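Shown below, as structure tokens, is a lone chain in the form predicted alone; questions about how it binds or moves come after it.
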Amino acid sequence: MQPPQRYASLVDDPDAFQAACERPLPSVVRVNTLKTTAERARDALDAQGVGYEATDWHPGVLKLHERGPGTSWPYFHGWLHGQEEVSTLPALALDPQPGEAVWDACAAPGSKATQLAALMDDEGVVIGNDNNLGRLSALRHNAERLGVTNLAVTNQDARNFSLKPFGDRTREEKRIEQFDRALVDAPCSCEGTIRKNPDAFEEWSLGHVEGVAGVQKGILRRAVDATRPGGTVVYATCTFAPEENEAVLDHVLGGGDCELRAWEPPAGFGTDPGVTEWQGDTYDPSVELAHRVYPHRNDTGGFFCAKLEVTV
């Protein structure tokens, strides 16, 4: 059985879930606080006659009445960045602080990496990595347009990421040996992007789900290993498949060096808990602390987000 029918048993309203999957995704922008404030951005859109409405859960996330945010001067000057509403959640969950060393394991094209930099007031360092060399140009372009200066870009396989370029195992004064926080927005089967990629379900196969799950486990394992004890790792995907979500968490929790932590999205953004059973498989009970986002709950794309603490 293929999505969305495959997940009907997981949602509260299967008909509303399927109907939402068939609607186009609203056009959304995030206010870039490195260059302006939400109030000034809204004033600029008003002056341009660009229709919008603020989401009821985040003052800096605006839904546009028409598509095409790149045609307004606030966007051109880096005040705004087109970013899917639900994809702002992982950076909020990670909660990076100014001065920290933060790793974005799969960073291109840079929406979340630049959001992390903004949350850090452009202080400290964000290491934006991606194994796709072609997508790194978009990451660099977005960082420059948005005024981000604390971003270092790398092109490595995240499963075997090396800190050697940052002075690991040397006597360099500013070497980075471990991260304070890490974000793994993993490559996935992209089921939750159906509202902006109408062929996402047509290209779906269980073989792809199972194959990409192996990659996801490897990247999340490396993120836990590369983060200091007491540090935070956030795992996210834009898919519904438990094989790519709770099963990946269950695999990494089996290492005994990290634990799921409770995290609540901002008030007004509805989610569902992670599932502990799926098609005969059972997962660690703590995966219920993860958040599933179904499109009909907030008129967004589909998503999955979990917060872990490294314990050893």
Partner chain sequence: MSDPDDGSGDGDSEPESDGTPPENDSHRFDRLPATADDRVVPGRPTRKEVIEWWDDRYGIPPATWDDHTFWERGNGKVWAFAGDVPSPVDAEGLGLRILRARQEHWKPSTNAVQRFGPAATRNVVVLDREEAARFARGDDQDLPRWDGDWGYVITAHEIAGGIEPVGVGLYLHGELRSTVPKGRRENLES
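Please read all numbers here as calculations on a predicted model, not as lab measurements. Residue numbers count along the first chain shown, from 1.
Beyond the structure shown, there is the form predicted together with its partner chain, which is absent from this document and is the topic of what follows.
Of the listed positions (196, 228, 140, 217), a single one reaches within 4.5 angstroms of its partner chain by any non-hydrogen atom in the predicted bound form, namely 140.
This chain is displayed alone, yet in the predicted bound form one of 208, 145, 159, 135 has a heavy atom within 4.5 Å of its partner chain; that residue is 145.
Remark: of stretches 183 to 191, 148 to 156, 197 to 205, 234 to 242, the one touching its partner chain in the predicted bound form is 148 to 156 (heavy atom within 4.5 Å). Although the partner is absent here, residue 35 lies within 4.5 Å of its partner chain in the predicted bound form, judged by heavy atoms. Taking the partner from the other structure, its partner chain in the predicted bound form has no heavy atom within 4.5 Å of any heavy atom of residue 179. For the chain shown alone, residue 43 is a contact residue for its partner chain in the predicted bound form, at least one non-hydrogen atom being within 4.5 angstroms. At least one heavy atom of residue 165 is located within 4.5 Å of its partner chain in the predicted bound form.
In the predicted bound form, the residues of 115 to 136 lying within 4.5 Å of its partner chain by at least one heavy atom are, in order, 122, 124, 125, 133, 136.
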